[in-house]
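So this one's two forms of a single chain, laid out as C-alpha cells and tagged structure 1 and structure 2.
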Structure 1
C-alpha cells in the first residue's frame, strides 16, 4: 500500500528553533535532529559547498527514516541503513543537500559485477502540499531526481577516463580515430565509432559532474532531463559517506512544473544504494516525502 506522510503539527518556525537552540544552562548539548528539512538561506550565495565546509555548521540537522524498497520487483526486503542525516542550504537560485549515512565499505567501482554506492534526492517540480506519489512519481505527475553515484565521482577525481584504468592489462589493436591527424577529425571518428555516443545515449557523454538530473512518472519510467546542470561532491571517512548534491531550484527547460523558489514550503525524498550489498536499480533504500522549508532573505518561519 502506498501512503503519504502526515505532516507534524509543529510549525517550520518551531522546527528551526529546535534545531538551533542549545541548553539553557551548563554544558551545551547538540540539539536532536528534526524530522523535517529546513534549508538555511545563505545571503552571500550557496556557491559550491563541499562536505565539511563551515557553512554547513549553521544548517539545521534532520534525521530521515529509510525504508526498504518492497513495492516493486526486484525488491529489497532488508535495507541495512535505518536513517540518514540531512542538512540543506539555499539561495535565490540553488539548493544544496549534505547527506550522510554510515557505510563500512566505500564502493566506487562499477566493473566485474561490482556495484557503486549511490544516493538520490527527489523533489516535486512545483511547491505546495499536493505532491506526486513518493515512489518516483505517477503518470502525469512527474518528479525530478538528482542522482549521485560513487563511480561517477571516482572517474571525475581520476581525470580523463580510459579503459586501462579499470583493466590495466587490456590491449587494443587499433582505434579508427588514431589514424586522424586533425583534432576535429579525431573527435568525429571517436564519436562515430563509439556506439553509445553515436546513438545519443546520455550515459556515454563526457562526464563533467557526479550527478545525473532525471525525471520519472513512476517505476520504470526514469529518463534524463534535457539539461544536466546539477553538481556533486563527496567524502568517505570514519565509516561514513558525506555527499553534497547541488541543484538549481528551477530550470526553464525542465518539464513538469515551474520549479521551486526560496521562501516556499515543499517536500523532499531520498534513496540510498549500498554497493557491497549488491543494491542497484530498484534494490534500494527509500524515504517517504519529508517536509522541506526553503529559507529566504526575509524568512521568519511564519509561513
Structure 2
C-alpha cells in the first residue's frame, strides 16, 4: 500500500512557491495547513458542494493527524491512514466537510472478503469546551457521528442491489421472491430472506444517502439518529479520496444537545478506515478532538 507523505510535500511546495514569489515579486503564497478546522461561512448558502467544486478553494486547509484506535479490543495493531486533510464550509443551517486522504486502492465493494473504505465526522451535540470523550462519547454524554462509506456511495450510484455489481460473471438460477407476479408480493417475499430488512435495521434500507447519521455514548453503542438527513459525495483520483459530508448544524429531533450554530467554536474529530486492510468497526484510525471554528470569514466568490 502506498501512502504519500502529505505534509512534507506541502512544506516543500510552500518553500518552492515562496522562493518563486521572491523572484517574481507577485505570486500569492498558499497558507500552510493549519491544525484547527475553520469552517468558511458562505453567505449565499453552502448548497450541495461536491469534491473539486470551486467553493472549496478559499476554505482554509487543516491537516489532522490520525492515531490507531488502540483503546478497546479489537484494536488496530497495524498501520492505517496516517493523516487527512480537511476543509469546511458552513452557513446558518449546514456544515460541509471536504476530507481528503491518500489511499492507493479505492475499496468500494462490501462483500464477504472485501471491506469498503470509510470516513466519519464526529461532532459534540453542543458547543463549548466541555466535550464528551473523544472516543465515541461516554455514558450520558453522546456524540453525533456522520459516517460515509464507499460501499454506500456505490450502492447509491448503482441503484438496486445485484450480485453482478461485484461479481459480473455470477449467475443465479432463481430467487424464490421472483416467482411472485406483482411487485408488492415480490418485495414481501423478498423480505422473508432479507432478515436485516425485516427486523428494521436501518443499515439495510434502500439507500437515499451515502452518509449515516448516528449517535454514540462510548464504544459499541453506535445507533441511528431518528432523522437521517446528511448527504455525501466522493471521488477517487490520483490515489486520493476526496469525500464531502454535508450535515445540518442542528436537528430538533436529534437527542443529546441543541446542536451547533454559525459563529460558535466547537470541536470535531474524525475516523478513517482502509478497506483493503480489512478495517471496519473499531479497527480504524482516529483523531483527537480538533478545534472547530464555525463561520470565520465570509465567502463571496463563485461556488
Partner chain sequence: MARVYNWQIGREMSYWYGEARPKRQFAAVFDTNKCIACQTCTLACKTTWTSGRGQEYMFWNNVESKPYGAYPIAYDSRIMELLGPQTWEGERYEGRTIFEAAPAGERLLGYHPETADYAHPNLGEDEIAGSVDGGMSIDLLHPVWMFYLARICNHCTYPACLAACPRGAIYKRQEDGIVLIDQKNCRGYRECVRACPYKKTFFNSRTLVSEKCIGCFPLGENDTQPRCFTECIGKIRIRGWINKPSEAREDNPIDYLVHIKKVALPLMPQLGLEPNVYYIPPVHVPEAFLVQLFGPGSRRAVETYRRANEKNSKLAALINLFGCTSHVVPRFEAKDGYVSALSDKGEKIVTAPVREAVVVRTAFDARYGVPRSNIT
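Numbering follows the first chain given and starts at 1. Please read all numbers here as calculations on a predicted model, not as lab measurements. Just so we're on the same page, rigid core means the largest C-alpha set that superposes within 1.5 Å between forms.
Comparing the two isolated chains, structure 2 is the one taken from the form predicted together with the partner chain; structure 1 is not. Shown in the overlay between structures 1 and 2, fitted on the rigid core, is a CA shift at residue 224 smaller than 2 Å. The rigid-core alignment places the CA of residue 72 less than 2 Å apart between structures 1 and 2. Superposed on the core, the two forms barely differ at residue 126: its CA moves less than 2 Å between structures 1 and 2.
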